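As a starting point, one isolated chain is supplied in structure tokens, in the form predicted alone.
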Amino acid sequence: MNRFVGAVPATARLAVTVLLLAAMGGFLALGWGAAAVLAAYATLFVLAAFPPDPRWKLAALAVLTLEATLGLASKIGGDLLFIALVGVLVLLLRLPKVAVWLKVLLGAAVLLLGIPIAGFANTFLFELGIQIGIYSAMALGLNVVVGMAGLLDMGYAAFFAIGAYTWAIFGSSQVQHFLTTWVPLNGNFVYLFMGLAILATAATGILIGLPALRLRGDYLAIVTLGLGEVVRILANNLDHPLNLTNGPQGITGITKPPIEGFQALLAALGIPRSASTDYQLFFYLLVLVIIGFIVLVNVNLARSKFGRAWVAIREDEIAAKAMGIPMVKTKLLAFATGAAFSGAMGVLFAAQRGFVSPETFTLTASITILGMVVLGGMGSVPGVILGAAALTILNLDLLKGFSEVLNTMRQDGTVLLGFPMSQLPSQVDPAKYERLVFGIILILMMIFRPEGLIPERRGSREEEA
């Protein structure tokens, strides 16, 4: 592949990129959404496989961002142009020899202009962006445990559940089932409860870790799996004799944080307001702030003595112990740090959704978050974010969208390649085979790219050596 890429003149690569961008702009002007989407994805492929000079590549990504944003604002191209914007962010992460401030500027344009404009045109894209952010934050927390310290945690959703139920109980009328004189807390307490959830989940991680972290490998995975199931079963059954969690029915009517000040800011900036987008934009921006903080913490932890100790344990626990690294203390710190991230996002999830139930925190959720870490690249911060975005989009958008297309074709009696779609069995529903698709993706990753989509720098240098 590298030999083939090198055989293509740089001017030809640049010319193809320019032609594709020009074609995309023309297709958008004509309202040809499908053709514009194909041109956008062809541009991304050319920029990834046949990279021109990095400065030209940055300019091409900027033009692609502008065109995709205009298309989304005009409701052309649908969710696929949103995915193209995510592809722009991925290529920015891998763009060498370009000033950091230029990449930050274009990334900020995508996150703070492109996606919000798309969200105003299609509110589902706001929800998709929020879910990507929540799962990215949790995957970054699990990355500390699995990617840095090498501790296989199969019950990570338990900490997510603890954080979510912490706010759900006290931020709704559920609290009156066991504290009759108590009233639901005001939405301003969401931020306080995020801090409380961090402390609660970190303490839970330490208490569980004290006996469990003496184990290694598969034994540790089994114990943490049991932890996740215990928390879910407790949430499912703590509706009697004292109704704490409302059992399998879940908790509804969870208070959201007040956003009057945010709405006043939107009005002052002249941004269009509506009941369906104000809260979504607020939670989207809040998630971005939290993600930025978590990334900063991750990067600094990786460079600290604790990060180096975690990597030493991951590579060879016996050698790390021989070098004087305290095993229990170091592992507990990793477990508590990862749990704290998940607990904070649990509070945010409950406040954003307004509803929590035990079905959200199953073993499948833990496996999905672990799959995000493995897919993106264990130990790699940008890789984990990419893995979370890829699997969230696949689950919430692509598979469900494909199912809707198939159902429409069944109902309309469409004939595809001579086959009447009305005769297609109802069991052929891509959304139902989400776990199968996840499994196939992970198998292919283990065969062809075990280091992940964006490998950890340390790991990639070792591979090259």
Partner chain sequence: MLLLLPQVLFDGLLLGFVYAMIALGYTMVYGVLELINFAHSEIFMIGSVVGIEVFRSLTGYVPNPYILLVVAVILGGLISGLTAVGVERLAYRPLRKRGTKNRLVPLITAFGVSFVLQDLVKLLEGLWHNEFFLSMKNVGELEQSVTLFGIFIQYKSFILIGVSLVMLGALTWLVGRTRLGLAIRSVAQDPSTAGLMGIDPEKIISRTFLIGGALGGVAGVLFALQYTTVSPYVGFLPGIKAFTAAVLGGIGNIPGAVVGGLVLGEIETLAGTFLPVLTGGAFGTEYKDVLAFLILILLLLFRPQGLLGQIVKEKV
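Remember, it's a predicted structure, so these values are computed and weren't measured experimentally. Residue numbers count along the first chain shown, from 1. Think of the rigid core as the biggest set of C-alphas that the two forms share within 1.5 Å after superposition.
Not pictured, yet referred to below: the form predicted in complex with the partner chain.
This chain lacks the partner; the member of Leu85, Ala302, Leu225, Val175 within 4.5 angstroms of the partner chain in the model of the complex by a non-hydrogen atom is Leu225. A heavy atom within 4.5 Å of the partner chain in the model of the complex is found for one listed residue only; from Ala390, Leu91, Ala336, Ile367, this is Ile367.
Stretch 152-160 is the contacting one of 191-199, 293-301, 152-160, 175-183, since its residues have non-hydrogen atoms within 4.5 Å of the partner chain in the model of the complex.
Using a 4.5 Å cutoff between non-hydrogen atoms, Ala221 counts as a contact of the partner chain in the model of the complex. Looking at Leu125, you'd find every heavy atom of it more than 4.5 angstroms from the partner chain in the model of the complex. Shown alone here, Ile440 lies within 4.5 Å of the partner chain in the model of the complex, counting heavy atoms only.
Among heavy atoms of Pro425, some come within 4.5 Å of the partner chain in the model of the complex. In the model of the complex, the residues of 223-261 lying within 4.5 Å of the partner chain by at least one heavy atom are, in order, Val223, Leu225, Gly226, Leu227, Glu229, Val230, Ile233, Leu234, Asn237, Leu238, His240, Pro241. A movement of the C-alpha atom of Met445 reaching 2 angstroms or beyond is seen between this form and the one not shown when the two forms are aligned on their rigid core. Taking the rigid core as fixed, one finds a CA shift for Leu396 smaller than 2 Å between this form and the one not shown.
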